[in-house]
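Here we start with a single chain on its own, the form predicted alone, put down as structure tokens.
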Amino acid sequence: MTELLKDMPKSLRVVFGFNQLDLSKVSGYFGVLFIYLLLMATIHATMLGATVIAKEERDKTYEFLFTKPVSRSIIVTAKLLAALTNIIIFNLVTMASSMMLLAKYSHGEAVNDEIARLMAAMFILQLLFMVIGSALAAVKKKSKKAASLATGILVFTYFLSVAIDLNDRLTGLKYFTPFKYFEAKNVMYGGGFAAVYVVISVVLIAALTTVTYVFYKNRDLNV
């Protein structure tokens, strides 16, 4: 299989995630599958962040919520905590099921540490895309469209990461796509997380969370 993959065009190896991963090991095989897990997790987080903010306007239940004697900041906090709980459960279930399934095929290879690192990376990106969705929902006048816009941003950044792998001249754009921050081949075989990407992620999460609070507090409800 390894020799067969070497004969494949680089474009196919990049698109299918075979680039720089050893498929003769179960850890390498999981690294290939990780991008698909990551796409599902980030799409879920993006939709969750956008819809949890826009829920009352979408379902026409804002009269019930906004007549309560609580501030909008408290409402936003409760919404984001609910979304965070969903993300944590998603992440933990994915990690536990991955560890159990790979244990059957590892043949003695220690894979739990690699899985834990990848799940930690996925959690950071889940948080990032969640607040991208929530920030867009808070900023846009028609917050119901925020989910589709946020998903469009996610798809664009994913294909940008693929384009960077295909064309070395685009390497400088890697800071603009979160999918290049914690690639499986780097997290598993490169010694963990790069500090610069962790800092960028934390700054973006903090900034977008602030945007969510500020704009949601001052927005006019779309009745």
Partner chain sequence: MDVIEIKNLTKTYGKARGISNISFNVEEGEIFGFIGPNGAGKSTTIRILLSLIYPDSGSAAIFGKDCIQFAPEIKKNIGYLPSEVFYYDNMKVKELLNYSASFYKKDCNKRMKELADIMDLDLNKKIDDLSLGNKKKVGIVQGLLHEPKLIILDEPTSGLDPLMQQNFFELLKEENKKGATILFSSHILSEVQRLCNRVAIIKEGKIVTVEKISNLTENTYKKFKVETKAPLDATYFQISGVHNLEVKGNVTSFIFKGNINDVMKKIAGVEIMNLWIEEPDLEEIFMHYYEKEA
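Positions refer to the first chain, counted from 1. Worth saying up front: this structure is predicted, and the values here are computed from it rather than measured.
Beyond the structure shown, there is the form predicted in complex with its partner chain, which is absent from this document and is the topic of what follows.
- Comparing 52-60, 194-202, 165-173, 38-46 against its partner chain in the predicted bound form, the single stretch with non-hydrogen atoms within 4.5 angstroms of it is 52-60.
- Contact check for residue 65: a non-hydrogen atom falls within 4.5 Å of its partner chain in the predicted bound form.
- Contact check for residue 155: every heavy atom lies farther than 4.5 Å from its partner chain in the predicted bound form.
- The closest non-hydrogen atom of residue 70 lies within 4.5 Å of its partner chain in the predicted bound form.
- Contact annotation: residue 220 falls within 4.5 Å of its partner chain in the predicted bound form, judged by heavy atom distances.
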